[in-house]
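Here's a solo chain for you in structure tokens, the form predicted on its own.
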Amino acid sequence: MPIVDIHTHVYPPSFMELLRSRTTVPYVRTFPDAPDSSRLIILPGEDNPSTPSTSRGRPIGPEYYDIEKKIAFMDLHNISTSVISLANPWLDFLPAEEAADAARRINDEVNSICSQYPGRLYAFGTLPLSGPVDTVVSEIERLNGLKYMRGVIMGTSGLGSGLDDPRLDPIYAALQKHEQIIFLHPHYGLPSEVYGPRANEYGHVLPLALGFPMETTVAVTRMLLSGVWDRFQGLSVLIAHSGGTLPFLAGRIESCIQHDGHLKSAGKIEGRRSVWDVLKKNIYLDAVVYSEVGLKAAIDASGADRLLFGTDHPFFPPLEEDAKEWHSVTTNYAAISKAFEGAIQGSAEDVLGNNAVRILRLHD
């Protein structure tokens, strides 16, 4: 039985070099109170000098950029194949004139890494979204010719104005034409003030557990409201973290649309596709939610045949120094097993690997 990890990140050497050369977010650096540990600072608001270094970013070691560490992690957890992707913030922060070259360099580097482990590694490409639209489309066309690429990873900002931005239409059209799936991943979270004045005391729990899922849900709902899936009915999106809160809130989103007077007067209710239709035909969900309760919601929303296993490696490592297996991974394994106890249609084996092999055309 194949086990395929579709949510697993790599910061390849050239990207690490870029991060180490910077002095503003995103960057990698050491702090005086922890001189023996490099820290990765990528989230908005993490660069606050009043925040203890242990709450600013996270320690970054070779598991982030050494592909042999990735393979060792896969072997330890019985993962046969991984679809690797650059982690946030991707290339969103680059000046427009630098984005295209950086994207080509990183995508070629990642494709070359995959070629060293044929059958074990595939990848989602990175787009130069801070550059001109035609540059982004050109990179999509080029990615289609790279052997190990199976789609692209994108954040929720798109070209800077969100995924409902009409300027993205040529990009969506190119992705649909080449049947490249979008792996949609959050990065920006919610405004820091929503977490309250004591947020610095709580580490990363609030932005990661709550901010990321809500960011994702808002982004996807904006795509729905702007008619992205009405215009591009073949566009496929794999949403990180089991869709944020979308499976749970889909009914409320649909009801609010049906009862919105402004949308009705603008003629945007009749003839549109429902959120339920899009969930069943265009959206895939990863299984990175750590509980059978969340997984059952994802299964009910999109179907067991559209759910794919992931680990979010190298994030969420065990905190115990002597730990071998990662709790984040074993918790996901257990949740998938429990979610398929009883009469739920589908199987844990499909979620763990068969779905990914079919959807992403692995081992062709």
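This structure is a prediction, so every number in the text was calculated from the model and none was measured. Residue numbers here begin at 1 and follow the sequence given.
The following text describes the form predicted in complex with ligand URA, which does not appear among the structures shown.
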Verify the contact flag for I299: yes if a non-hydrogen atom of it lies within 4.5 Å of a non-hydrogen atom of ligand URA in the predicted bound form, no if not. no
Going by a heavy atom distance of 4.5 Å, is I42 a contact of ligand URA in the predicted bound form? yes
Can L208 be called a contact residue for ligand URA in the predicted bound form at 4.5 Å between heavy atoms? yes
F212 versus ligand URA, in the predicted bound form: is there a non-hydrogen atom within 4.5 Å? yes
Quick check: do D5, W326 and T330 each get a heavy atom within 4.5 Å of ligand URA in the predicted bound form? no
Heavy atoms within 4.5 Å of ligand URA in the predicted bound form: which stretch among 24-32, 312-320, 291-299, 333-341? 312-320
Please pick, from S192, S236, N88, T135, the one residue with any non-hydrogen atom lying within 4.5 angstroms of ligand URA in the predicted bound form. N88
Residue by residue through 183-207, tell me which have a non-hydrogen atom within 4.5 angstroms of ligand URA in the predicted bound form. H185
